[in-house]
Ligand SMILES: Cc1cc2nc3c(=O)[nH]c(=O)nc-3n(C[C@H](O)[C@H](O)[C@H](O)COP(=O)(O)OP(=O)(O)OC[C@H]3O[C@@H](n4cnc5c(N)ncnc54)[C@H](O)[C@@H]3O)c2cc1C
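Quick setup: one chain, the form predicted on its own, written in structure tokens, and binding and motion questions come after.
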């Protein structure tokens, strides 16, 4: 993506982090996909680069990047490795939640460690019976004197295999509440989830809580604050990251398809000169460009704190994820059997693109939200 990557005044750290993504993540993404894991050394390098502190204030050791910079990082990661896009997304979701809603003590305890990658944050929201319907969570918090007792299980937790801090949603006094849970908490167990269709190196896990005793100070926000404020805000941030990641993935698919079409000769001329291939490429170019523009629109709305910024972010996630899936399928078509081969980037792109339309709210959830925003949006979307 070149949306604003050469923008004057961009922080030097941003260029360095993007260089690391290009040099250390992109070239090994297919190996990571096959291994279904991220080596500790690479995670350490990512932490030291400042990537994980992108959304954390400078006073806690973070980069304090604006939405434009965060979007650029999402696009770069989407093009390089959607699994590590997932790490960036969930880790910054936790960082944003603590930075916005945490107590001074919680910020001091966790943000410096999250900023430098000493601790990886993960969002533990989904359950077997509560995916998009987060309010239906059956995990419970029970008051026990000055402590809380946590029981239940969460699943499909990105980077749950290595996360050191979980942002967990649970029912407390009949209301959805959020709580911070240290990985070393007695009663917490982690079961790896392998062989996913896409995002195969995102190190997913199932997290179970068996009478975990937590200090009441671990509550993030007040009782019942979880759904109305915290979960909604972190999901909005997650959708923004995924939207930009999808635009980056679409661009990577386009670049791969153009290169292959220019170099592959069939019927005595390059594929790029075949009319039906040109039709595919033209569709890919338009959808990739439109996805990037939708993401920029969401970025501008967020940076201007526009009244409809949630609507524009949701729309960007919906369109960019759909565009990435379509463009990835067209890239596969142009590559033929080569693109379907194990270890070929386009095959990984196609599998990862399918996941983008499911995470941080499925395509149908985004459609429902966009419809709810419609009366507000028609007066401002010009």
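These numbers were taken from a predicted model, which means no experiment stands behind them. Positions refer to the first chain, counted from 1.
There is another form of the same protein, the form predicted together with the ligand; it is not shown, and what comes next is about it.
In the predicted complex, no residue of the candidate spot (29, 256 and 277) has a heavy atom lying within 4.5 Å of the ligand.
Contact check for residue 102: no non-hydrogen atom falls within 4.5 Å of the ligand in the predicted complex. Proximity of residue 199 to the ligand in the predicted complex falls within the 4.5 Å heavy atom cutoff. The ligand in the predicted complex comes within 4.5 Å of a heavy atom belonging to residue 359. In the predicted complex, the ligand stays beyond 4.5 Å of every heavy atom belonging to residue 214. Stretch-level contact analysis of 248-256, 287-295, 68-76, 129-137 against the ligand in the predicted complex, using heavy atoms and a 4.5 Å limit, identifies 129-137. Shown without its partner, this chain lists 272, 109, 155, 218 as candidates; in the predicted complex, only 155 has a non-hydrogen atom within 4.5 angstroms of the ligand. Of the listed positions (114, 241, 90, 141), a single one reaches within 4.5 angstroms of the ligand by any non-hydrogen atom in the predicted complex, namely 90. In sequence order, 123, 124, 125 are the residues of 110-125 having a heavy atom within 4.5 Å of the ligand in the predicted complex; the partner itself is omitted from this view.
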